[in-house]
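Let's start with one chain on its own, the form predicted on its own, as structure tokens.
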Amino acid sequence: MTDAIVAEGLTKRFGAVTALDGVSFTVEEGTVMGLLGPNGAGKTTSVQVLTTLQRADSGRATVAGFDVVADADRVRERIGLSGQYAAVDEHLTARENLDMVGRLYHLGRAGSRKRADELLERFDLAEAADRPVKGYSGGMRRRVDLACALVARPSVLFLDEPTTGLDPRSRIAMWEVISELVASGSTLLLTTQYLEEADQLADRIAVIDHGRVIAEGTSDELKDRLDGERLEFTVGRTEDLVTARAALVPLAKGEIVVDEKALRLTVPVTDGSDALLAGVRVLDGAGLRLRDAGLRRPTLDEVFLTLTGTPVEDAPPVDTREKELL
């Protein structure tokens, strides 16, 4: 499969701030790559370099087969970009915004209007199409912005934190739109701070922190980097915890964690469902009644915490000026 995006050793500094420190990754055609990391990690700067809005200090990158520096015009012809904040003219209607973008892409008067009508229907904006965007909700503005990014039917689409600031309902609606784009064969680079978003939408994930890619792989591959699977058993009484722990020791592949308040035991294992069945049998044989039993894999939250030492949502804030750059 052809690589639609290639980044090799990209570096970028803004004064004393190192935004990119040797970023490298590839995105195959027709897939979604999620760039996951906290504010200031370098996600937006990576997008800006790949979309020709910034020039890297060193390294090279290609998009749709064209060098982002030597062939910048050709790259721009083939990409769409939706940034962190909806870049639409709020004094124009949604139809007028889309028509304007079509004219800028030289689609002509008739072609621009036809494309605007298509996108208004696709993004469920037809009823509000002739109202000024300034009266739209945040979710509607984001849909207009994404529609504008699709006017020229780009082969590669960059979505920089497309659901930031949206309520849960609007975020789910945006996920549905993004999933439709993927199903139609688009190549997407998606930056996000939301672990659930990366888990649900991305074929592969690159974890970026302090300007470096510190891990890359599928969601399952990243989770497998942690200590395998865990059994969780909830007993009925505090006094059952000691008996249950002793009974489960032969199954454990590490330390058993006991949560006395929740009456729960967490047991690291390597053989998943077989270990779960064995654990239930062992506890039943010990005469213990269970309130709950289950098999759990590590989450992306745990992966990120293990890799960086900081949960995404607890990442330290950066200076306002630096945040705009990164």
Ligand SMILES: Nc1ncnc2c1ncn2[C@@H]1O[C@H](COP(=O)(O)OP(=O)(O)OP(=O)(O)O)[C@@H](O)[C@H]1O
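Residue numbers run from 1 along the displayed sequence. All values reported here derive from a predicted model rather than from experimental measurement.
There is another form of the same protein, the form predicted together with this ligand; it is not shown, and what comes next is about it.
Asks: Can you tell me if residue 40 lies within 4.5 angstroms of this ligand in the predicted complex, counting non-hydrogen atoms only?
Replies: Because a heavy atom of residue 40 falls inside 4.5 Å of this ligand in the predicted complex, the answer is yes.
Asks: Is residue 17 close enough to touch this ligand in the predicted complex, meaning at least one heavy atom pair within 4.5 Å?
Replies: Yes, residue 17 is a contact residue.
Asks: Using a 4.5 angstroms cut-off on non-hydrogen atoms, would residue 84 count as touching this ligand in the predicted complex?
Replies: The answer is yes: residue 84 has a heavy atom within 4.5 Å of this ligand.
Asks: Even though the partner isn't displayed, in the predicted complex is residue 243 close enough to this ligand, meaning a heavy atom within 4.5 Å?
Replies: Flag for residue 243 set to no.
Asks: Pick from 51, 31, 62, 44: which residue has any heavy atom within 4.5 angstroms of this ligand in the predicted complex?
Replies: Here the answer is residue option 44.
Asks: Could you spot which one of 193, 170, 234, 155 gets a heavy atom to within 4.5 Å of this ligand in the predicted complex?
Replies: Selected option: 193.
Asks: Based on heavy atom distances of 4.5 Å or less, which listed stretch (271 to 279, 32 to 40, 287 to 295, 63 to 71) is in contact with this ligand in the predicted complex?
Replies: Checking each option against the 4.5 Å cut-off leaves 32 to 40.
Asks: Are there residues in 247 to 263 with a heavy atom within 4.5 Å of this ligand in the predicted complex, and which are they, in order?
Replies: Nothing in this stretch is in contact.
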